[in-house]
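Encoded as structure tokens, the following chain is the form predicted alone, with no partner shown.
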């Protein structure tokens, strides 16, 4: 038996059990050993029903009566009477009807949950239920709870892990002894043994700290090694032309912010180096990233090089191309637009111009990475909303140059400091944290659905001044089993009732690209007063005259998404408003209160990371591949410790091949997080 042995080799794992594990993506002994608990139940303090007090409690009881009933659309309530020799109490579960089947056997269970005042009485809320016959002989202990992937039972995981204890006790070390000593960490085998077979909460914390540190150390070491590899690459050296930059700034119809000047200077300095730039420009919604990219593209063109700008949607690509053409044409810099809508002769002509170098700046969508696109001399690549593109797509664009071009990734989703150190650690980062002068903060207010009449009056008063409004819904078609606002139903309702005197457009992702563009152009030209839309307007749509955005069922959206949507207004000197309409009249969530409280995207990004984790910020597919089981990317203190040790590891030239498991994981993270 070794770490690579299939689970079928373990005592107690038959064909059906192996299939259950495989469905949860656990096929080897190593997979199961590294399948860490999601939490723990403390069965070391059992209370009798007569002795129970409000708060977290564990009782040993049997179920005397149980039933399930719907209480409102989408919610089912399971109620049970639990009894022991000292008395009875009620337990309730929300949307867990399977508890009926589980508890009807009449056997004894350990129930562990919150004993609290609910529905006018004290009861046990959503308790876990562990059959006593399934428990280890020693019941007075802390037991791990594992993720129930595809129905995988915690009791099964515990049982098979117990067979692997001898192997766990011999696990090799994966971290250098200097790192373990410097950080006072537990050995790997002790940490793994402790998390699966815990005796004491404090020792579990120490074990988790060791495993969290290891994950962060691997990620940060990968980042350090990528930086070293990037520094060996040879790129184009594009000299700074002070006159070109001064002329560009002088002809702008507005003054650059201090942050824009700093970011532009950092980029220009990078272009002069022989090492290709690998920089991220992060700026809040409306902070002027495109102008910075345009200034640099102007200098790049005057030095004889081309710029490619890749945007995630056709609407955004068109917008960038039009804006850049206005900025760059006075300097003789030509801008081309390549999207799926450019076809036939026009497309071939553009291909020829790009290959000949007569087009200096090419703005496009995924169309830019097709093999048919050949650049004359590509020196600068800008990837907007870069988290929406995969690593392979970004790489295809960068491969279109004889030397590695300088790369600028741009994002309007501010990145928390901890993510900047880990996932984005190999990038240099420029920050735009100032809004252009004359912009007023967007007034944001949480609104109950019971007060819609007053809200519509406010919107209509704003429309009467000549302004426009967005109304955002999360579904396209009405669903009778779901109370989320449907965009089509909302469009019909508003057009036939409160806003029948207004011109209302409809936008959603199922429309054809040409139809989407037509709707957006009509709204931008002021031909619609209101645009009822799904979140397709989330990124980059710029209509300065729109001053109101209403987000229906706002509690169903992520914090950063709410902030992105709010950024569709406030794009001129007019006062703008964001109304967050909740699904019910219940108390607003912490997430909504944070959005109401602050318009600072950097503050909200930190709050988002704490509330939701990094998936929303980093991009779901890439974050999923990160596969961090235990480490929190919000733990800045542990990240700082891991970063210090990763830098020491690199500077001490430690041979990573001594630590095969560490080397394998670091190489995986190098491939995953590399953004060049």
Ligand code: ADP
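Computed from a prediction, not measured in an experiment: that's the story for all the values here. Numbering follows the first chain given and starts at 1.
Absent from the display: the form predicted in complex with the ligand. The rest refers to it.
- Though the partner is left out of this view, residue 439 does reach within 4.5 Å of the ligand in the predicted complex, counting heavy atoms only.
- Of the heavy atoms in residue 542, some are within 4.5 Å of the ligand in the predicted complex.
- Within 4.5 Å of some heavy atom of the ligand in the predicted complex lies at least one heavy atom of residue 287.
- The ligand in the predicted complex comes within 4.5 Å of a heavy atom belonging to residue 254.
- Out of the listed residues 407, 158, 571, 508, 571 is the one that sits within 4.5 Å of the ligand in the predicted complex by at least one heavy atom.
- This chain appears without its partner; in the predicted complex, the one residue of 444, 260, 154, 468 with a heavy atom within 4.5 Å of the ligand is 260.
- With the ligand left out of view, the stretch that reaches within 4.5 Å of it through heavy atoms in the predicted complex is, among 337-345, 200-208, 278-286, 177-185, 278-286.
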